[in-house]
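Next up, structure tokens for two forms of one chain, structure 1 and then structure 2.
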Structure 1
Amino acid sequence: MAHLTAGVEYGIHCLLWLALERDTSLSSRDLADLQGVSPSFVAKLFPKLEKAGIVVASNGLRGGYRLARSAARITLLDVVDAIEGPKPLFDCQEIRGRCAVFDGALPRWATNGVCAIHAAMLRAEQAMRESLAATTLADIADTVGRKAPASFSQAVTAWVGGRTDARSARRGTRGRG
């Protein structure tokens, strides 16, 4: 994939569901099934978000995740950093230090400070990060909310409720389904 991996897309989409259902803990399996993606993969994602303080986890049956703070105070940069970890846009290999003209006697000025090319790349990365930091989960939820009809939110709550019911039913009809 590209620089921002599939984990970021999965993670942010999951967090949007959590923002929609702030009163309920959703398990990683709920979130995966809800979106039709790999449960194992989503399960590997959330410990990172929890360590970054974006979500809080609760253990045991009926456990799961919920947002650690308001969606308006979670930026896309928070999520990207949590999932991707420290991952530079550009990885300078200090080419300049191998110049044949110097022939072994590397002058101080040649490796002093950061290479001008590297500096330009760092500026580009910073521009990207500032753009990501300027968008919050709430912004995105608003955009989606304006597109979705009013009935959608209810349908989601019903789906989540249906999950809990299905679990209870499974306990009642154990071995038959």
Structure 2
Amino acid sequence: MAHLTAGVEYGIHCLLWLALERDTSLSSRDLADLQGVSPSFVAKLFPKLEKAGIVVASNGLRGGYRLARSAARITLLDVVDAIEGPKPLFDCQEIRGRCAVFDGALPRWATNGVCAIHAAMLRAEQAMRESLAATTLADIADTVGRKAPASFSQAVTAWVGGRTDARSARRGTRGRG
């Protein structure tokens, strides 16, 4: 995993809303608008999340995305790997073999084994992956649920319902033309 991009943050936030609004499918546009982020950017994330089996899509008036499995079975590592792919955290450039003191005669000890810096970065990446694998979307949702007042959840549910009602009204008006 390379430096984690904004896509991971956007993706986790979107999935959090799907976890909190369990009974509703939300479009990528709704999820982007709800959070005030770029709809086109969010739309690019969902095919990756769908391919990874994290979300499922449905068509129709009430279509959109839903979690493919319970939030307790989706880890942050699942999301990172789906969005970022299998990139290493650190890409060792083997600089240790370029030291000017060696003057072209590279001693064996200088490059014997894994570079100490690379080894430290591998340990850090492993620790990070273990931490992300140990944290689920449900864990994040529980934290948000404890922090936010009930009125916030009600406001989100009302906002989502308003979007669905507006879509229904637009389609009903078009169908009468």
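All figures in this text were calculated on a predicted structure; none of them were measured in a lab. When a residue number appears, read it as a position in the sequence of structure 1, where counting begins at 1. Between two forms, the rigid core is defined as the largest C-alpha subset superposing within 1.5 Å.
Each structure shows the same chain on its own, and structure 2 is the form predicted on its own.
Relative to the superposed core, His118 undergoes a Cα shift of 2 Å or more between structure 1 and structure 2.
Once the cores line up, the CA of Ala72 ends up less than 2 angstroms apart between structure 1 and structure 2. Here the chain acts as two rigid units, and between structure 1 and structure 2 the smaller unit rotates by 24°.
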